[in-house]
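Given next, in structure tokens, is a single chain: the form predicted on its own.
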């Protein structure tokens, strides 16, 4: 099986001065993840590598260090991972780790539950950090801008992968909505809303979480791909998100097909497969289908 990795660095308003950092970050995370696949590592290892790298990137993205700040000046992160065999784990409102995706993976691997929040999730962190370590000049400036103009940013990072053994995995991580209410949780850690995988596909979403939760977007897309063409399925699920007063983007690997769609101002997208690759912070809402 030919390996494939697809990443997103968020859909929404990606400021012009941030786009170069987003593009560089996407390419670095994509290539690290693809190297994992090329060396016969699993789809799970690839998506974890990609998302961890984006969480660690203080210059771009809304996850880990540099994750969006709530209105009290605190970074509360959400993350989820799901494998094609149905295994999954998620965390929400976690404040003491640079890499919430690794704690989501720990929930999946070491507990009998699927979703842990706040103190329950934080108890799984081996080396807790102060929340202030997640703040950056970029995000502090963004919070001040939000207080004056209510301007939001891009939401969420994610990765989906297909490995050489034909296994799928999806991983998503976010600081959530800039200026959110403390304790607010979006779609990222909700299996079937923002993150989903089966034996045929893997999906990661980004955008206004409340709308994605209401539309149960990732699960809905997985069902529709079984009987609709990809463009029709993507159009329908993003229209549903819009119907619930939201917008955003989706990356999906369906069998060997790359499907990407968004209806926001921008979306940061990258993918790589044998003899082909792509990376762009795109400002043209579209549906991309790559065979």
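Positions refer to the first chain, counted from 1. All of these numbers come straight from a predicted model, not from anything done at the bench.
We do not show the form predicted in complex with ligand ASP, though everything after this point is about it.
For the chain shown alone, residue 206 is a contact residue for ligand ASP in the model of the complex, at least one non-hydrogen atom being within 4.5 angstroms. The shortest heavy atom separation between residue 184 and ligand ASP in the model of the complex is within 4.5 Å. Remark: residue 176 counts among the residues lining ligand ASP in the model of the complex, judged by a heavy atom distance of 4.5 Å or less. With ligand ASP omitted here, the record of contacts in the model of the complex names 187-195 of 93-101, 108-116, 187-195, 158-166, defined by a heavy atom within 4.5 Å.
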